[in-house]
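We begin with a single chain expressed as structure tokens, specifically the form predicted alone.
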Amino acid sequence: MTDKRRFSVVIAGGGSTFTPGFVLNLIQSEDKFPLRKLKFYDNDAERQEKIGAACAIIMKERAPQVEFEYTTDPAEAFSDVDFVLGSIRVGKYHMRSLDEKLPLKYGVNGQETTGPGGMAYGLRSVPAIVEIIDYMEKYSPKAWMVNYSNTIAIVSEGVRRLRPHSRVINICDMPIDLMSRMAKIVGLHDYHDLDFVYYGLNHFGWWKHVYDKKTGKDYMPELKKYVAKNGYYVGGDYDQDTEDSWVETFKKAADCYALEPNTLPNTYMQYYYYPHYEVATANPHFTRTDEILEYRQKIVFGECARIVKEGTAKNNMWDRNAIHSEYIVEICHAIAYNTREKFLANVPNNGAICNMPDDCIVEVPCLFGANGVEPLVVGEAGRFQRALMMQQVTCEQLVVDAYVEKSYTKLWEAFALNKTVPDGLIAKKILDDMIPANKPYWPDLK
């Protein structure tokens, strides 16, 4: 690489359990995206300390040439940075648990980014992301923010309205994870070997085409045959570390495909196609949050504590697998070096999906470069998909209306309109339970 630039990055949400994986992947990507400085920022100093102390040892051992620090001071964190990586969870796992459990009291699906729980989370996230954008623009106005903080669709709509000229790109890695599974199914190495046409909303989309990137071979017939029987579940060594709830999710894609067999669905469509099944098979006392607290969070914090205690990061758990962060590093590389590589982003439609409104946020393939993203036209949405999308995107717009107008009615309408909620009275009961729970984070609704 003849370009001698090195980049300064701040991870906003330094206390995230995903952060150590990011650090390892950034180090491993030195040839593609070289660093001069890496910083963490979090408003929870205690949580960030657990992650930051371990990552300081990782950086000292693996990348001593890179300046590293972690802080709760916005001026220190956001000064002299080229990229802000947004990985925040407003209200942490306590609020996620309520997002999941409160709707289940009323026979409504409880899930982190879909239904009432997803809308509640999005309403908490919008002001926090706007605050981070403002820090970035104040201290490093030429920086780019790559945001993957949920609920992405609602956050993207909030950014579109409240900070329309900001240098923010909202992305999600879930389709990439599924494309990695597709590559495995057809005998390729990974998602880099595939080309695709995908469209929809965040956690709400479909593949129209999947091709071999080199030969152009159409893999849709082979993938459809496999997904019809197995969903996206691969099994064997590939899924040896996959948590039980995700195994069920990947298998459930077979039922989603059966309902609409012209495309391949994102796994999140199960919550909209089969909401009664999701409620019937959910444990209202032990949801996905409880699984994470018992599994991922315990393992990550335990591994960080081990590294600090032993004073070395040798043989750490993140050396094995970091697809989540690999994708984000590749996006930063594409922006930094103007490669115009194709990834997915959440953007104002503006004709990308021909039969959807221009001002709605959609998730479509884009070319990533020095000036941001250039959405690609994917054609028309199918009749079935368009109807679902219009309902869902209206919910997301109403949530942002509720934030801007501080409107109880608009948020009630958002809940009532959502496909996972059976009627307006149940929507109201869920909302009335959520208001006091979210008091530290939501505006006062009138």
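What you see is a predicted model; the values in this text were computed from it and never measured. In this text, residue numbers run from 1 along the sequence as written.
The following text describes the form predicted together with a small molecule, which does not appear among the structures shown.
Each of Tyr41, Ser87 and Ser149 places at least one heavy atom within 4.5 Å of the small molecule in the predicted complex. A heavy atom within 4.5 Å of the small molecule in the predicted complex is found for exactly one of Ile169, Ala128, Leu104, Leu178: Ala128. Between the options Glu112, Glu326, Glu278, Asp82, the residue in contact with the small molecule in the predicted complex by a heavy atom within 4.5 angstroms is Glu112. Just one listed stretch, out of 30-38, 43-51, 396-404, 411-419, contacts the small molecule in the predicted complex at the 4.5 Å heavy atom level, and that stretch is 43-51.
Taking non-hydrogen atoms only, Asp173 approaches the small molecule to within 4.5 angstroms in the predicted complex. Although the partner is absent here, Tyr238 is not a contact residue: none of its heavy atoms lies within 4.5 angstroms of the small molecule in the predicted complex. Although the partner is absent here, Tyr93 sits close enough that one of its heavy atoms falls within 4.5 Å of the small molecule in the predicted complex. The small molecule is not drawn, but in the predicted complex it has no heavy atom within 4.5 Å of Asn25.
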